[in-house]
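Below you will find one chain, with nothing else, as structure tokens; this is the form predicted on its own, and questions on how it binds or moves follow later.
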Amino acid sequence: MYPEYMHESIKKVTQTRNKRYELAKSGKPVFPPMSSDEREEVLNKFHPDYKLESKRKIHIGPNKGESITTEVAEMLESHSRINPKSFDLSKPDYETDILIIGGGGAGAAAAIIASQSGVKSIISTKLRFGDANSMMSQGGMQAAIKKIDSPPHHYLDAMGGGHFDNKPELVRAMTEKGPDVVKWLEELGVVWDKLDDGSFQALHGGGTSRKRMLSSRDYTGAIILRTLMDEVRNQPDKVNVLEFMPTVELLLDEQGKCAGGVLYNLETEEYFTVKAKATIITTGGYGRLHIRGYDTTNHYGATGDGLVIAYRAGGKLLYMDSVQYHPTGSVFPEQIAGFLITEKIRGAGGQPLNKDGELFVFPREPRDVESSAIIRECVERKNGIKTPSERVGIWLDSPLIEMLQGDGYINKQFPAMHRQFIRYGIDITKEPMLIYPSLHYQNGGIEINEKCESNIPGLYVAGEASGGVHGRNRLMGNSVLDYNVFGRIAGEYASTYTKSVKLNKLSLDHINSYEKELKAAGIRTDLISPVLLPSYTPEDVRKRPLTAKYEGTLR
């Protein structure tokens, strides 16, 4: 439950609710949307990406000389976990057609498509199969399936949301294939929310010109990934899932083609080599690096591993200066700080309010703009509410949704959210939620083309690990569509590639070359990557002799 000192502010939220309800029912904007100049101003002043210290130049590798997110640069300018001399690559432990690195939605979709082509694959996943950000998405998936909508409308929204930095061919592929993905998922068993007449329920997301957010209550990611996982598990003769065995380096052949990877068994601490005709990276994002010190919505294994192993092998990265902060991460109860409060809450009528119960921003601005406005309200205007641990946040008025949509709407449409807060004595049908921007998404990644090909032959990338689809800001629901569309595409083109490629002698020479680059650039670091798992060990404890050899933290 909320501390006593917060009740006065909650009372003000209640007092302004009827007036805000009347305005919302009128159909008029509840708050003036920002002009393009106003958006630029709030971004430049308050978005974490725009702070001078948020970026620095990277000194080695394919993106040498570019300014990228500081924590990412530190992670990339680090040492490998392995000594290449320790491996006999003439006798790989596994051989397969495709090595899929990552056990989330994109990896599962790629494996399904590959198996339909008669191609065998191994899924190397750090934790359990399905322990991924894909499982945690709540609000929905965008797809232009309504009569008033179209893929071109969706395309323009996505391009505008990404500040027109997106790669147009990727956005076109994603938006045009959206309706097909909806049908494919439904045929596999996904149960979409429907209206009484049997048509799809669709809501607005921030930055969208049409209602195209399809959902499965607020379990959308879980429902989709469970369905994909079931399909993968039904094909054990075609797909071998290796759990708790992340890939820590790529294998190349002597001609520079990607030829598999080196896997590390987290339980036995053994290394294994996998020779593969094609490799697909689907490792997701890096939320657990806690960029700029922000809490995160991401799952425990989201440490940017795919970026590291691809970069070390010569993979070009794109837009690594851009991070997405979700406007509405939980800030209280503090046991769930960073927990995602889906944008669907605002799509259904929830409103962001300051300590005086006042609206201060249009509720459905693009995510980066909405986040910046919330930060401004708390930091510059001092209109936030402090928590007992000195965090700060603003209210998200969820009870207004019940007034607008009818009694029982929250429990029907947001059952997981409702139960999460009930655990802490907060009923979001009667009390607002306290929120603040939370580190949410890796806007950039490994650069790909419309076939999911990277600049390394035989290396494909799909989902959040890729760069270019969303530009420098992603709109809600496009990530779910992204990993389904490009997971399928990667599976298709990687499968075709395996039927003609001829691999030469395997090599880990690129690891030695990277070490030489580090030395030549004068970079001194004891950091080892991929990080694999984040550390929350306090600094004073880490310095004790018992943990003196602790490896791999960016916190």
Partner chain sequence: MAKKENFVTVFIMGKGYQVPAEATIMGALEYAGYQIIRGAGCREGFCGACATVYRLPGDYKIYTGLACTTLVEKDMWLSQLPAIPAYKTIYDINKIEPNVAAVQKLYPEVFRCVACNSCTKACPQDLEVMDYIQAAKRGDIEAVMDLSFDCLCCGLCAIRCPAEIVQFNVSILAKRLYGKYLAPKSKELSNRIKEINDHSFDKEYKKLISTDKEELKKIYYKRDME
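Numbering follows the first chain given and starts at 1. Since we're looking at a predicted model, the values are computed, not measured.
There is another form of the same protein, the form predicted together with the partner chain; it is not shown, and what comes next is about it.
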*Consider the chain as shown here, without its partner, and state which of Arg367, His299, Lys257, Lys344 has a heavy atom within 4.5 Å of the partner chain in the model of the complex.*
His299
*The single option of Phe360, Tyr271, Tyr219, Tyr94 touching the partner chain in the model of the complex, heavy atom within 4.5 Å*: Tyr219
*asked:* Contact check in the model of the complex: Ser78, Gly314 and Ile489 versus the partner chain, with a cutoff of 4.5 Å between any heavy atoms. Do all three pass?
replied: no
*456 to 464, 232 to 240, 249 to 257, 344 to 352: which one contacts the partner chain in the model of the complex at 4.5 Å, heavy atom to heavy atom?*
232 to 240
*Looking at the partner-bound form in the model of the complex, is Lys85 within 4.5 Å of the partner chain by any heavy atom?*
no
*asked:* So in the model of the complex, is the partner chain close enough to Asp197 to count as touching (4.5 Å, heavy atoms)?
replied: yes
_Please tell me whether any heavy atom belonging to Asn449 falls inside 4.5 Å of a heavy atom of the partner chain, as the geometry stands in the model of the complex._
no
*in the model of the complex, does Lys146 have a heavy atom within 4.5 Å of the partner chain?*
yes
*Though the partner is not shown here, which residues of 407 to 435 have a heavy atom within 4.5 Å of the partner chain in the model of the complex?*
Lys412, Pro415, Ala416, Arg419, Gln420, Arg423, Tyr424
